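Only one chain comes next, encoded as structure tokens, the form predicted alone.
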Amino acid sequence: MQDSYGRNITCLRLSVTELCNLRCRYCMPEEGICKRRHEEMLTQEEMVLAAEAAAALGITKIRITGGEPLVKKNILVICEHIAAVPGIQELCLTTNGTLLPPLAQSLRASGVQRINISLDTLQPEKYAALTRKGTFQEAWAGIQSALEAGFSKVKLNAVLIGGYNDDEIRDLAELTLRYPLDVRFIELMPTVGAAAFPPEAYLPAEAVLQALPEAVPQPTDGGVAELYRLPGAMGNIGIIRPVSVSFCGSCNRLRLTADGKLKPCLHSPEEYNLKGLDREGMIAQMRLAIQNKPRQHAPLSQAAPSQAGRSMNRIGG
């Protein structure tokens, strides 16, 4: 389905939980969040209904997110049922990777085709400081298990943070020389929680290209990342600029939160409730959200933070 600006909406990011086993500083408060009552959250059946409603409107790709989706006890069943929805051509999942080793093969068997893993640093001390609860060894084991499971694509997402990991740009990028994966650098967004970072943390993604002058531009794959490749690499380097460059004109996605709120724009407070609706009710609400998807969000900066109204763990990454 097209929105009122002619954009084809083909992707739904579906958050299955707000909870996470880590406490990343740009995503969650250190004390975590108050766990909501079960009846406030989407049920497994409602998640599958939402996937069916999305497919009825032309959405072909669903990305499972959280919080951390792998803390969800029924995550394999959710993935299996959504992968089987007619019209859904691609099922992806985003995770911090720390819980992945015992689940990677089963996730692949349940229909997950692509997987994104968050990895902001290769230094164990930094990883522990940023995530507050995780270890680099756990995350690295998750990456290895994803590569062994045979997903069609494995991507590592590194949030670019000045004064934290800008000295690791080359180290992270050179993972593509040793492994068949992509590494994507994402500008830190001034969302709830992340706005507490100092001004120097908001580093434009141009710093990646300055650190990797030999990187060669690659054709786009239809996503929001600008693609480059180091000579001899097995995977691409992606640059995602949500702060310094607006890509709203090509935005093709909706986000559904774990408590059933459909967000037509990540950085807008506008939400449409799907919780408690049947399939036809969900289709009607999704159609309304697509029709009312804004042309673009307001420019982002530390002085003008996101208007999302939620921390990233409550939106869906």
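So that there is no doubt, residue numbering starts at 1 and follows the sequence shown. Here the structure is a predicted model, which means the values were calculated and not measured.
Omitted here: the form predicted in complex with a small molecule. The next part is about that form.
Engineer: Counting only non-hydrogen atoms, choose the one of 106-114, 155-163, 80-88, 221-229 that falls within 4.5 Å of the small molecule in the predicted complex.
Structural biologist: Only one stretch qualifies here: 155-163.
Engineer: Tell me, yes or no, whether M189 is in contact with the small molecule in the predicted complex, where a contact means a heavy atom of each within 4.5 Å.
Structural biologist: Yes, contact at 4.5 Å.
Engineer: Although the partner isn't part of this model, could you tell me whether Y272 comes within 4.5 Å of the small molecule in the predicted complex, counting any heavy atom of the residue?
Structural biologist: Y272: no, not in contact with the small molecule in the predicted complex.
Engineer: So, N236 and the small molecule: in the predicted complex, are they within 4.5 Å at any heavy atom pair?
Structural biologist: So N236 does not count as contacting the small molecule.
Engineer: Determine whether any heavy atom of A258 comes within 4.5 Å of a heavy atom of the small molecule in the predicted complex, and answer yes or no.
Structural biologist: Judged by the heavy-atom cut-off of 4.5 Å, A258 is well away from the small molecule in the predicted complex.
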